[in-house]
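The chain that follows stands alone, in the form predicted alone, written as structure tokens.
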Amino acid sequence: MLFKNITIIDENIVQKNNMYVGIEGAEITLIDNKMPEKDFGTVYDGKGKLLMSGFYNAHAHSAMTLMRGYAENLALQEWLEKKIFPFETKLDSNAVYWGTMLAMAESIRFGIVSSTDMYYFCDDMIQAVLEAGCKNNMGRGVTNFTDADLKDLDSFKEMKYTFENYNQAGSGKIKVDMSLHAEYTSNPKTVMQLAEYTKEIGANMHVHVSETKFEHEACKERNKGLTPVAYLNSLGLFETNATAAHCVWIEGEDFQILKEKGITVASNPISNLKLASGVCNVPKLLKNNINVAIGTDSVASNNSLNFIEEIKVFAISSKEKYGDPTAVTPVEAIRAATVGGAIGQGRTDCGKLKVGNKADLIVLDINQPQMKPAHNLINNLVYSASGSDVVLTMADGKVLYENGEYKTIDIEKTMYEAEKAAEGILKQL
């Protein structure tokens, strides 16, 4: 496929006009300012369009689309204990499959090519992801409120099975991460055993960290003043490529630990604001050269996967919170949404419009009133664009969505089955 005469955001987050980008198989093989002699097959006229890297959702619970709008105006603990947990006890294989497929449809509609998930019924989620043509880092969150060994936990057994059977499935589209749900849903023995296993098999780690002030301070009380970051680090959990989701209340030496261990922080601005959990200190993370990515968290707390909306809130929430209009720049926001997330997922050949990288790309229609005038297109992309401006999404060189048409998903059936599954669960509550 050849994109011709198209505006691009290149690997350095710089705008270039009237470019030619060639795709062969799953890779980008040409970026030039003149028409190539080589035949790339289908030609896409890029007039009035922008081509850039797709988005990498760094923290998600995809199947929770089934709970969109179900639990509102509640604090996190009440939200979880009174609404979410009871609903989740009724989930089954069919519900999780259709909830995930709905999330994949919404994701590719809004330019998300890959998500880092933490949930269960992993087989069914992976099936939906692969059928949709998306990418995913799948993790089965481990919890333990007993003294049982890690190997005896049902959550670990599912995680181990998923890793052994699905890691690198779909020509590498699927990566299976290890996942500790959080400090407060486990114990030191579980953390140490999971850390050792993760390092042994060379997998990524995905964990919730310091999402709320209550969680953060309670950890310090339980663990002789250690913050969640310090506690998890002391038990070896960060001895591998890891994503720490939220990090709203991190403090002091936490920043140095995250930097030294090369941890990716997945900021979830809309979910954290909506649940009144707080605002992640992204400016300080960036100043400490910590890799920052953007996540949506679940649709149950967001309530959408509109990633361009997420990018805007990511950029502006820190400005207000820390009283600095320069706190997070548009370039930093785009970097977090693309290559920042790809780095967190361990996808080193993704996240940039670059020759040799995977063709995980999106096209936006920039010939829209809200995008004019374009004094600075990158500024407009962060502050003015809408998720509906995405008109094409491709992963590994395959077009998944174009101009309202889902190429890999039966969208009508997906919406029907997801609603049916949600209604069935509500009847049981």
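Residues carry their position along the shown sequence, with the first being 1. This structure is a prediction, so every number in the text was calculated from the model and none was measured.
Keep in mind that the form predicted together with a further copy of the same chain is not shown, yet the notes after this line are about it.
A.B. asks: Which one, 236, 283, 278, 346, lies within 4.5 Å of a further copy of the same chain in the predicted complex by heavy atoms?
C.D. replies: The option sitting close enough to the partner is 278.
A.B. asks: Which one, 93, 256, 329, 185, lies within 4.5 Å of a further copy of the same chain in the predicted complex by heavy atoms?
C.D. replies: It is 329 that has a heavy atom within 4.5 Å of the partner.
A.B. asks: Partner absent here, but in the predicted complex, which of 348-356, 165-173, 223-231, 100-108 has residues with a heavy atom within 4.5 Å of a further copy of the same chain?
C.D. replies: Going through the listed ranges, the match is 100-108.
A.B. asks: Would residue 309 count as a contact of a further copy of the same chain in the predicted complex, using a 4.5 angstroms cut-off between non-hydrogen atoms?
C.D. replies: Yes, contact at 4.5 Å.
A.B. asks: Residue 251 near a further copy of the same chain in the predicted complex, any heavy atom under 4.5 Å?
C.D. replies: Close contact is absent here: in the predicted complex, residue 251 is far from a further copy of the same chain, nothing within 4.5 Å, heavy atoms only.
A.B. asks: Could you confirm whether residue 2 comes within 4.5 Å of a further copy of the same chain in the predicted complex, counting heavy atoms only?
C.D. replies: So residue 2 does not count as contacting a further copy of the same chain.
A.B. asks: Would you classify residue 264 as touching a further copy of the same chain in the predicted complex, given a 4.5 Å non-hydrogen atom cut-off?
C.D. replies: Flag for residue 264 set to no.
A.B. asks: Decide if the three candidate residues 6, 12 and 334 all line a further copy of the same chain in the predicted complex, where lining means a heavy atom within 4.5 Å.
C.D. replies: No, because 6, 12 and 334 lack any heavy atom that approaches a further copy of the same chain to within 4.5 Å in the predicted complex.
A.B. asks: Can you tell me which bits of 359-384 touch a further copy of the same chain in the predicted complex, meaning any heavy atom within 4.5 Å?
C.D. replies: Contacts from 359-384: 367, 368, 369, 370, 371, 372, 373, 374, 375, 376, 379, 380, 383, 384.
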